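Taking the form predicted on its own, here's one chain by itself in C-alpha cells.
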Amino acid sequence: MKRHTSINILFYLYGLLTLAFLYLPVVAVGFASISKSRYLRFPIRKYATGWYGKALTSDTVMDLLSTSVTIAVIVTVVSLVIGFFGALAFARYQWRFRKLYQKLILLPIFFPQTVLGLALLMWFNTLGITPTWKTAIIAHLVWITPIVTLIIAIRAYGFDPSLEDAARDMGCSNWQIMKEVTIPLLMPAVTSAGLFAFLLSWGNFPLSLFTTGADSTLPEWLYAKMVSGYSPLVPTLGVLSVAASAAVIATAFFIRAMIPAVKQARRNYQQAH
C-alpha cells in the first residue's frame, strides 16, 4: 500500500515538473509584459500595465491580428473539407493507388517548414505570382492539410463500417448516411483537427515568413520587433496571443460539452409536443 502511494506521488511530481517546464517560459513572458524597464529583471522595480491598452488600441496590431485570423480561419475551413474526404479515401475505401496516396499525403509533414516555405516561394516566383497573405494560405494548407487528414483518418479507422452498411440496407441514401452516421462518428476528430489547424496556422512563422510578401502576420511582427526595436509591447502581444489560443480551445470544449444537452433538450421538447 505504501509503495503504491509512493508511486502515485512520484507520478504527480513528474506531472507538475513537466507542466512547470512547459509553462514557466509563458509566465516569464507575462512578467515581462508588466515591466516598465526595457528588459526583464527580477525583482521588477516598476510595473506598467499600459502596454495592454496600447496593444488593444494600436491600428498596426489590429491589422496584424486581422491578417493572422483571416489566414487561420480560411486554412481551417479549407483543410477540414479537404481533410475530411481525404481521410475517408485514406482509411475507409480500397482503390488502386491507395497505398501511394497514403504515402504522398503525409510527405509534407516531414519537410522542415523553412525548406517548404522556400520551395513554395520559388514556385510562386516561377509562376509569376506576387506573394501576399493569400499565398500564405496556400503554404499553410500544404503543411496543415496532411495533419488534419491524419487526425480524422485515425478516427475513421476506429468506427465499424457495418454501421454504414446497416443504414444503406434500411434504404438510406448516401447523403443520409453521411449526415446521420459518418459525420457524427467523425465529429470528435473533426473538432480536434479544426483546433489543430487553426492554432498551427495562427502561430506559424516559417511558412508565413517566406510566403506573405509585403503583408505580415502577428508571429512575423513579433520576430521583427525582437530583432530590432524591442519594447514591452512584444511580450504583451505574446501573452494576449496565448490567452486567445486558450480561449479558442476552451470555447471549443464548452460547445462540445453542450451539444449532448442541447440534443436532449430537443428530444424532450419533441416528446412534449
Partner chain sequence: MSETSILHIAGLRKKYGDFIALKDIDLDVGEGEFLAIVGPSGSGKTTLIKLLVGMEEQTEGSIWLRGHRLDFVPANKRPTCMVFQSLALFPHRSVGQNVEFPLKIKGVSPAARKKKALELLEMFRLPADYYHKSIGQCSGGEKQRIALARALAFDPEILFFDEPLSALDYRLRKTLEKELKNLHLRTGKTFIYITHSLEEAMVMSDRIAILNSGKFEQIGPAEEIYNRPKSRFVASFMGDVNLFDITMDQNSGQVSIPNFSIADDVAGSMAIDPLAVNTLMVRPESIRLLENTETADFVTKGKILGKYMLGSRIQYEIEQDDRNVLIVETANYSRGGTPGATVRLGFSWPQSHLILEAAS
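Just so it is clear, the structure is predicted and the values come from calculations on it, not from any experiment. Residue numbers count along the first chain shown, from 1.
As for the form predicted in complex with the partner chain, it is not shown, yet the points below apply to it.
Interface residue remark: Leu163 is counted as part of the site for the partner chain in the model of the complex, having a heavy atom within 4.5 Å. Contact check for Leu185: a non-hydrogen atom falls within 4.5 Å of the partner chain in the model of the complex. Interface residue remark: Val77 is not counted as part of the site for the partner chain in the model of the complex, having no heavy atom within 4.5 Å.
The partner chain is not shown here, but in the model of the complex it comes within 4.5 Å of a heavy atom of Ser173. Note on the partner interface in the model of the complex: the residue among Val73, Leu106, Ile129, Ala167 having a heavy atom within 4.5 angstroms of the partner chain is Ala167.
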